[in-house]
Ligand SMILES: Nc1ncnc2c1ncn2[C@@H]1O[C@H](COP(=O)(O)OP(=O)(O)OP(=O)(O)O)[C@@H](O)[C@H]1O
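To begin, one chain is listed below as structure tokens, in the form predicted on its own.
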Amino acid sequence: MSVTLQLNNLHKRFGGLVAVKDVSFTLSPGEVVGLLGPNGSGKTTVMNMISGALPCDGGRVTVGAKDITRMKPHRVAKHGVARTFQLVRPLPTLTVGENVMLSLAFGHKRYWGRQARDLAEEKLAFVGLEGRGDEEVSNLNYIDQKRMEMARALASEPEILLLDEWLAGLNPSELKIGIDLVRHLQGQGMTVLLVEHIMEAVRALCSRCIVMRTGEVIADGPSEEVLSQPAVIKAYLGDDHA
């Protein structure tokens, strides 16, 4: 059963720059929500604070009843939060399956040996890489690297998945594969926070959108309503379009 993700007044400063200012929102179990905004709006900084990659300067992050605000990434993972990155960072000296097994060893639960190998193959099959666990990572094309990245995230058995521009750089046919895979997760009831610039994917996957500009939330609601708001159009396209 998925849990609620709640952010209360998150704040992050880099020197004199306020990157995130009093950001608050809640994700209900099973929601797939788009976190949108132009470059530099603070989206990835928010993801980094949720996942423990960056410390918060203020505010709180809770998963269910558990406060994870000050936790390191490996401890956040143990509380059911997983993350993908825009740039896939495989360990090139390991096979595809071994890359996934690392998450099984250090994730929500710990698996080793034969059980870990079997579970890695299960996750690879789920993302469309069945039977390819023994291959070298260098054999994978771009969409298959993205699939492996997803398998690594799912191997930690998360209840909340943070997708940071996971669909970026895919061609149209690959994009369809990626959207279908996220839909599959959605069908299983996983809670997903999706940072994305590809509006086709946002409209296909997200019933709700949260939009940021210069570190603050400027809109939060049903996707079609939010994406048609003048303040949101202005944030992306400028005054003339708004």
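On a predicted model such as this, the values are computed, not experimentally measured, just so you know. Residue numbers run from 1 along the displayed sequence.
This protein has a second form, the form predicted together with the named molecule, left out of what is shown; the following refers to that one.
- Contact check for G42: a heavy atom falls within 4.5 Å of the named molecule in the predicted bound form.
- Using a 4.5 angstroms threshold between heavy atoms, P38 counts as touching the named molecule in the predicted bound form.
- Although the partner is absent from this view, R208 stays clear of the named molecule in the predicted bound form, with no non-hydrogen atom inside 4.5 angstroms.
- Contact check for L10: no non-hydrogen atom falls within 4.5 Å of the named molecule in the predicted bound form.
- For the options E165, E135, E122, E157, the one in contact with the named molecule in the predicted bound form, meaning a heavy atom within 4.5 Å, is E165.
- Proximity to the named molecule in the predicted bound form, defined as a heavy atom within 4.5 Å, singles out one entry of H197, R203, K176, R60, which is H197.
- In the predicted bound form, no residue of the candidate spot (S51, A53 and Y111) has a heavy atom lying within 4.5 Å of the named molecule.
- Here the chain stands by itself, but in the predicted bound form one stretch of 65-73, 183-191, 42-50, 25-33, 42-50, has heavy atoms within 4.5 Å of the named molecule.
- In the predicted bound form, no residue of 124-151 lies within 4.5 Å of the named molecule by any heavy atom.
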